[in-house]
Every structure is written in structure tokens, then in C-alpha cells.
Ligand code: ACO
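A lone chain, given as C-alpha cells: the form predicted alone.
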């Protein structure tokens, strides 16, 4: 039996921030950013909440699909609007998905991959524990981020990288379709703190904690090395599980973190960059939303055909990485 993707959706905020706009904030310029990242612009949410963006992407992914058939809503995010209720619960309520169980996951930029893996497992298991006899045959998996909230806009090496947006996918069980052929996940201990983001809280009378700022912090060279190495490792492991080779793959859809990373990964895997979906130029790094957004972009090109095999690869803070092989 297979679990495949039957719907994709994407939403980007209305406000576009160009490299020239960034140059007014920090010491940089348009060419410098493009040469180092491949990014030309990013979208920043000024009026849209994370839930707004998640719902817009989800509505497109759902299309004409019967909303009563959705048994699971799973949202991957590191920037929720609220701690409680979680974003998935707010999406479920707003879209009227009455029969769905809802929860969030946080696996940084690999979040959508972890969410898809979880949804596939629940669908194949037949039911959600504690949900009586309700079978889950369709799941809505969303990646959504407002990284602008946690970006240090005074730090040149990081503020050029990030943007906001949402991507969504509807997964369905089908005994006739192969769908997801394999998934491989791996966590690596971040002993040196190469990619972190603290959490800010209001002080209470009993604390002796130091004041904390909720800003993303990354060590570029270390992140680059981890990203390229992990992409190779998880992709080859997922291929082995599927009984396939690199040359069997028609398209590669990596997390859109940096064009240099994708170029290095293509060379490491000995694959032409033309087989890699590149979306970072127009939307920057949108963490857990980047993979479903890139899948959406690939589908919109019209290049992908039924039966094509797609390798989807994520990596991010934690440190963590994941890859899945999907037959379209």
C-alpha cells in the first residue's frame, strides 16, 4: 500500500523585501547576497499571522477534496503564533476540519519531512491512538514560518537568509499507488551550537536567569559542512531502503537554505544541478515551509510527470536531517 501526495499549496506574504532593501539595514549589497546565497528577494509577513499563511496554503492544497475526509492536521513550525492553542488546532478550527486530530511538530528546517514521516506512519497504522475507531486515510501536513520574528536584522550574515511563508500537502492512502517509497531520518548532536535560537520569557520574581533574546544564531561554515554531508548521507540511505540508485531519481527537492549548499550537494551526489528544484532566489530560506513550497513550484513547472521519482531532502537545527523517495 502507498501513501502519496494528492494536493499541494503555497502562500507567500504580500510584502517583498529585496536585497537592496536589506542593504539599507546592514553593510551589504545586492550582488554580495546573490553570490553567497542565490537569494534575490524574500517575503515578510507584516499583517499575516502564521495561522493565516498556513490556512491559505492549506486551502489551495485541499482544493475540492472533501474536508470531512481529513483525519489529521500536522503543522511543522519553529515560529508559532501562540504556544496554546497550537497552530494545527487553529488551522483545524478555521478550516472546519471537524474529524481531524491536530498537533504540531518542531524539527527546525527538517520539520516538514518529520511531519510527512509521522503522517505516513499514522495513515499506515490505520488510526490515531485514542481516537476510537477513526481511520486516517488523508492527512494535511503544513510547514509555516514567520522567521522574520526571530531574525536579528542587525546581523549581516544571517538576516540576508530568511523569509516568511507556508507550504502544504495533502497525503492520501491508496492501495494502487506507490507514493512514498522510503524515508530516512537522522539526528546529530549539536555539541558546538552551530545553529540555535533561544526563547525569550518575561522575568518572574523567583528567577535568577540572565536576560535572553529570541534570535537565530548560526555558524555559517559549520552549517554548510553539516548540510552537505547530511544531504548525502540521508539521501543515499533513503535510496538504499527503496532499492534505488541516484540515477533512478528524476528530481531532487532539497531544503532551500543556500544555493551554494545545493550546488555542493549536487556535485557530491554527482548529479546535474538541473535536476534540483531551485526556489530560494524568490523566497529565501523559509525553514520548515521551504520543502513543500519547492515541491509546489516543481509541480507548477509542468516538468514532473506521473511515475517520476523524487528525492526530497531536509536538514536543520538540532541537528537533524531527513530524506524521502516519492514516486509521483
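Model, not experiment: these values are computed from the prediction. Residue numbers count along the first chain shown, from 1.
The protein also exists as the form predicted in complex with acetyl coenzyme *A (ACO); that form is not presented, and the subsequent description refers to it.
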4.5 angstroms heavy atom contact with acetyl coenzyme *A (ACO) in the predicted complex for residue 64 = no
Given that the partner is absent here, does residue 274 sit within 4.5 Å of acetyl coenzyme *A (ACO) in the predicted complex, heavy atoms only?
-> no
According to a 4.5 angstroms non-hydrogen atom cut-off, is residue 100 in contact with acetyl coenzyme *A (ACO) in the predicted complex?
-> no
Given that the partner is absent here, does residue 267 sit within 4.5 Å of acetyl coenzyme *A (ACO) in the predicted complex, heavy atoms only?
-> no
Contact with acetyl coenzyme *A (ACO) in the predicted complex, heavy atom within 4.5 Å, among 279, 41, 299, 28 goes to 28
Here the chain is shown alone; which of 74, 257, 107, 239 has a heavy atom within 4.5 Å of acetyl coenzyme *A (ACO) in the predicted complex?
-> 257
Should the three residues 162, 195 and 316 be counted as contacting acetyl coenzyme *A (ACO) in the predicted complex, with contact defined as a heavy atom within 4.5 Å for each?
-> yes
Among 201-209, 87-95, 222-230, 171-179, mark the stretch whose residues have heavy atoms within 4.5 Å of acetyl coenzyme *A (ACO) in the predicted complex.
-> 222-230
In sequence order, the residues of 37-74 that place a heavy atom within 4.5 Å of acetyl coenzyme *A (ACO) in the predicted complex are 37
